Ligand code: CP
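Here's a solo chain for you in structure tokens, the form predicted alone.
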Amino acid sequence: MKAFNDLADFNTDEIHALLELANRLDERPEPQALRGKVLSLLFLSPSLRTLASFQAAMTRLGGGSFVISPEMSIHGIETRPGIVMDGAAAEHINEAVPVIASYSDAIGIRAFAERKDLEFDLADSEFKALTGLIHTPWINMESAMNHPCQNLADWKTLDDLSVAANGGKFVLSWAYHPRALPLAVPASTLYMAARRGMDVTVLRPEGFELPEPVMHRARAAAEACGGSIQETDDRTEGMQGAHVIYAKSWSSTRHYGDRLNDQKLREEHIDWCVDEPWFDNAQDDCRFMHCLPVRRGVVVSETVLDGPRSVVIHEARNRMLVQMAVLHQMLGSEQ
């Protein structure tokens, strides 16, 4: 495996093989599998779970890792092309990324969208420019439109919970957040659930529709895998018969890059906080999922988050396990 960027790059058998490997490594650890291997982790955007889970994964497999972040390690990274560097930044991304990659056997890169130009972000242009600078194997730790490690962990979580692939109802719900957030998690989570063959409902207020290219991709995956895609702004209708609700806030694509109008629109929907009444028409054992971090009392009530419906801690631990599988496939001695 030379890159882990998008579940769409793998066929279903390959995805299942990674999930089986994650389960095996959990049950039967291989503490020498990556002995002598080094993973570099470049964080151009902040992280808790992604950073800790990748470091833990490498350690459990016998390898090592190091972290580079402009805020903690160096004197700023300049990313603009054609710039005269007479400001604060001492490093340019064109030198920094290949140097960091040269110190390791693989590199993980995390870089959020700037959320100024929707077409630019939909093309994952910035992330493609970064990976174009390196020749070592690489892992997408979240880009403008993808978060494949989270997606693989969520697929495993659904399997662990015995939530049916074909016939299971998955609700991807927008939730209120005081800030405009990236599209990577909702867009790639929608694809994951569709690719798993689930009946997916995107539950969101008017103005927070996901971009049509994102919906088109998900519809194609659902059609190929026996699932379906629906959209609604009616919470009662959306939650009818749900097996899982996956809550996440995202920017208004109607006002993409327009912070003030986005904020004005989202503040009309401050009541979109997942609470127990949301589950009145769902399956009795309907579960609550979220990629974390999550704002208590804003995105979801403490009653739900601390109650039996929530699987967010199990979901977060699965990040480490699936990343162990990815690293094992990418850097194992048989490669």
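The first residue of the shown sequence is 1; numbering continues from there. These numbers were taken from a predicted model, which means no experiment stands behind them.
What comes next is about the form predicted together with this ligand, which is not displayed.
Student: Between the options 157, 252, 140, 150, which residue brings a heavy atom to within 4.5 Å of this ligand in the predicted complex?
Tutor: Flagged contact: 150.
Student: Heavy atom within 4.5 Å of this ligand in the predicted complex: which of 47, 301, 55, 283 fits that? Just give me the one.
Tutor: Going through each option in turn, the one that passes is 47.
Student: Would you classify residue 292 as touching this ligand in the predicted complex, given a 4.5 Å non-hydrogen atom cut-off?
Tutor: Flag for residue 292 set to yes.
Student: Does any part of residue 169 reach within 4.5 Å of this ligand in the predicted complex? Heavy atoms only, please.
Tutor: Because no heavy atom of residue 169 falls inside 4.5 Å of this ligand in the predicted complex, the answer is no.
Student: Is there a heavy atom of residue 177 lying 4.5 Å or less from a heavy atom of this ligand in the predicted complex?
Tutor: It does not: once this ligand is placed as it appears in the predicted complex, residue 177 has no heavy atom within 4.5 Å of it.
Student: Could you confirm whether residue 110 comes within 4.5 Å of this ligand in the predicted complex, counting heavy atoms only?
Tutor: Looking in the predicted complex, residue contacts with this ligand include residue 110, since a heavy atom lies within 4.5 Å.
Student: Tell me, please, which stretch of 142-150, 206-214, 222-230, 96-104 lies within 4.5 angstroms of this ligand in the predicted complex when heavy atoms are compared?
Tutor: It is 142-150 that comes within 4.5 Å of the partner.
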